[in-house]
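One chain comes next, on its own, written as structure tokens: the form predicted on its own.
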Amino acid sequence: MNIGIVCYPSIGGSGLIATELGVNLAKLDHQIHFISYSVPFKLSVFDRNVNFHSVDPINYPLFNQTLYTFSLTAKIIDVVREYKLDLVHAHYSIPHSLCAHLAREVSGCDFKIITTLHGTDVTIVGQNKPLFSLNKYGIEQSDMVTTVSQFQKEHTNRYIGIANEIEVIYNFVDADIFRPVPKGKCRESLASPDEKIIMHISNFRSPKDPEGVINIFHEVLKKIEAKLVLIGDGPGIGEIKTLCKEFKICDNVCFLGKIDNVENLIPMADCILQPSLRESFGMGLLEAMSCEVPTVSSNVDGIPEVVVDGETGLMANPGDYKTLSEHVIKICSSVDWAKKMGKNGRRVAIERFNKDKIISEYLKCYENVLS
């Protein structure tokens, strides 16, 4: 098949899954065409059967912002005409599904459209009043709609009310890449031998509750020696640095910024902390499970479909910092129990969310749509 993949290139669940899906489909000899404003995170444009098409911005003095929706639509038209795409897979509905529909209408090309809803495109951004109708319309023009959790499906049906049937296809992890490895010198560079490593990976936006991470860690430090390792970047970084200064814990917090290969760092952690206020799936939690690292998270939205409470991680209500901090302390204070929980996590990751299983589900969707 000739498959177009429209996605955001930045670090995050939707872009990561879109990239990994495309790369693995290319290994199966499908021709993959990524369409975005920059090369997606972790994509190698030198891989066989992988093509990247850059969306060039349209700037016009009359408008004080670039016209991304129009420039993306124009690029999709160019690609489908030149490469005779069979289908376009839009990851994250805004504005990708609408642009794909416009491209099909304008180009006259009879390609199919699959839209995958990843989370905030319907829970937060998609419910923005001016965008709601456009978002709903764009999704409904798709030939098939998928989403990453049962929660997300039910939320979309309840609050968006699209006419399409929605199929749940979970996110996946490559267990050969995200695997337990000896801690060695990499761990020594992050913390001393007597310190536990608590790790948080996110885009540091409000749905991830980055301030909550600091509040929880502040309570943890009252009971155990630990380092908090923060991976990623985003608008909340400045606020949590200020909070670290207020709590006088700056020496115990390590800001690593954007890291390309988090699979090398996750196994160094004693616990992954994810106290999200909204979370359609929980990709970071799945990656931790695959690396045999126990997790502490909120029990919100799609997380309970990934984490098995008490077996692969511990959960509490979002905002319940006291209980969440107690969970972290419990995991870090019981090495044998934490090790067992880590092994349970990898087993669940391989059984339910392994790469080959999920990619075959996407391929089945493609084949059904094309037939």
Ligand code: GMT
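Residue numbers here begin at 1 and follow the sequence given. Treat the numbers as computed from the prediction; the structure is a model and nothing was measured.
Below, we refer to the form predicted in complex with the ligand, which is not included among the displayed structures.
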Checklist entry - If contact means any heavy atom within 4.5 Å, which of 154-162, 74-82, 275-283, 129-137 contacts the ligand in the predicted bound form? => result 275-283
Item to check | the ligand contact at residue 119 in the predicted bound form, heavy atom, 4.5 Å | outcome: yes
Checklist entry - Taking heavy atoms and a 4.5 Å cut-off, does residue 173 contact the ligand in the predicted bound form? => result no
Checklist entry - Would residue 208 count as a contact of the ligand in the predicted bound form, using a 4.5 angstroms cut-off between non-hydrogen atoms? => result yes
Checklist entry - Taking heavy atoms only, is residue 107 within 4.5 angstroms of the ligand in the predicted bound form? => result no
Item to check | Position in contact with the ligand when the complex is considered in the predicted bound form, options 215, 203, 252, 141, heavy atoms within 4.5 Å | outcome: 203
Item to check | Contact residue in the predicted bound form, chosen from 266, 145, 198, 148 - any heavy atom within 4.5 Å of the ligand | outcome: 148
Next on the checklist: Only counting heavy atoms and a 4.5 Å limit, does any residue of 1-27 reach the ligand in the predicted bound form, and if so which ones?
Outcome noted: 12, 13, 14
